[in-house]
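One chain follows as structure tokens, the form predicted on its own.
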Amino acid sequence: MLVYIDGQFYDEKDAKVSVFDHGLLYGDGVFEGVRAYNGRVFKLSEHIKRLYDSAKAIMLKVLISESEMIESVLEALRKNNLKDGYIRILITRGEGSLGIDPITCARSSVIIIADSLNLYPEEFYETGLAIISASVRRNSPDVVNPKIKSLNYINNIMAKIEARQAGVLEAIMLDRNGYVCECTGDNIFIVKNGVIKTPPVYLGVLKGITRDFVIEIARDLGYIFQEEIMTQYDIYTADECFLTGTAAEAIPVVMADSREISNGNVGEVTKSIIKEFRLRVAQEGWEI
């Protein structure tokens, strides 16, 4: 595998950053995850725009343009002969001192890794996931805004650890008032009485690119969609539940906190969303 670092490609064994990089020392940086399907990169422009927005929010200067970043992503896929895969783009603050002050970092650094990824085993797309509610609360917008995809993911990681300790793969994260925000790496949707619902972004929810795409699919398929504040009760009593994310795509949930959702089977609305999602991603996107 060849890894892009600041304009050059290195064999993965030689792809290195300084131990003084503030991305490593303090999680000072931002990232995006992008998917390629069938020789096309899905929603690449949207991911790059969000990446640069995240960088702007933390006053991190990116030394290449958005168009150069797009071309570098495509070249990383070409260099690795990947037509289907996952691309991780990182912008770090760069090498600096051991102090926290970012002014000591002379220049930012861009890293692009293109590889294969299967976040969840394929059988879970057929049978559904079990999830729990984590005790770790989601960062609120007045702490670290979840809209910033920063390299510091310890909030999500702590919730993921809880999920693993409970023997499941994912966890619901609540805000400080007990409202459902999202999962550790995915947005969450429910279906109730034929209406598809998801928490509003103002609660401290990442405005996921896959989330928005699924909302578009839902409307195109004729479903009613609503953003709505919800609690664990709404998850437990839903007719269906599913998660969305770049790596996860769209995946059903059939149990939450040991409570079966409806009859414990994957629902028809969820199946239709997944089917349409897979049809579209194979046909849309930037050609490699």
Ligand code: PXG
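All figures in this text were calculated on a predicted structure; none of them were measured in a lab. All residue numbers refer to positions in the sequence shown, first residue = 1.
There is another form of the same protein, the form predicted together with the named molecule; it is not shown, and what comes next is about it.
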Practice prompt. Could you work out which of Lys79, Arg88, Arg137, Lys192 is the residue within 4.5 angstroms of the named molecule in the model of the complex, going by heavy atoms?
Written response: Arg88
Worksheet item: Which one of Ser133, Thr198, Thr210, Ser108 is close to the named molecule in the model of the complex, taking close to mean a heavy atom within 4.5 Å?
Response: Thr210
Fill in: Ala114, heavy atom within 4.5 angstroms of the named molecule in the model of the complex
no
Discussion item. Considering non-hydrogen atoms and a 4.5 Å limit, does the named molecule approach Cys183 in the model of the complex?
Written reply: yes
Fill in: Contact label in the model of the complex: Phe31 to the named molecule, heavy atom within 4.5 Å
yes
Discussion item. When the contact criterion is heavy atoms within 4.5 Å, does Val73 count as touching the named molecule in the model of the complex?
Written reply: no
Worksheet item: So in the model of the complex, are Arg50, Leu206 and Ala247 all sitting within 4.5 Å of the named molecule, heavy atoms only?
Response: yes
Worksheet item: Picking from 237-245, 22-30, 224-232, 59-67, which part of the chain touches the named molecule in the model of the complex when contact means heavy atoms within 4.5 Å?
Response: 237-245
Item to complete: Taking only heavy atoms into account, state which residues of 135-173 are within 4.5 Å of the named molecule in the model of the complex, ordered by sequence.
Response: Arg138, Lys149, Tyr153, Asn156
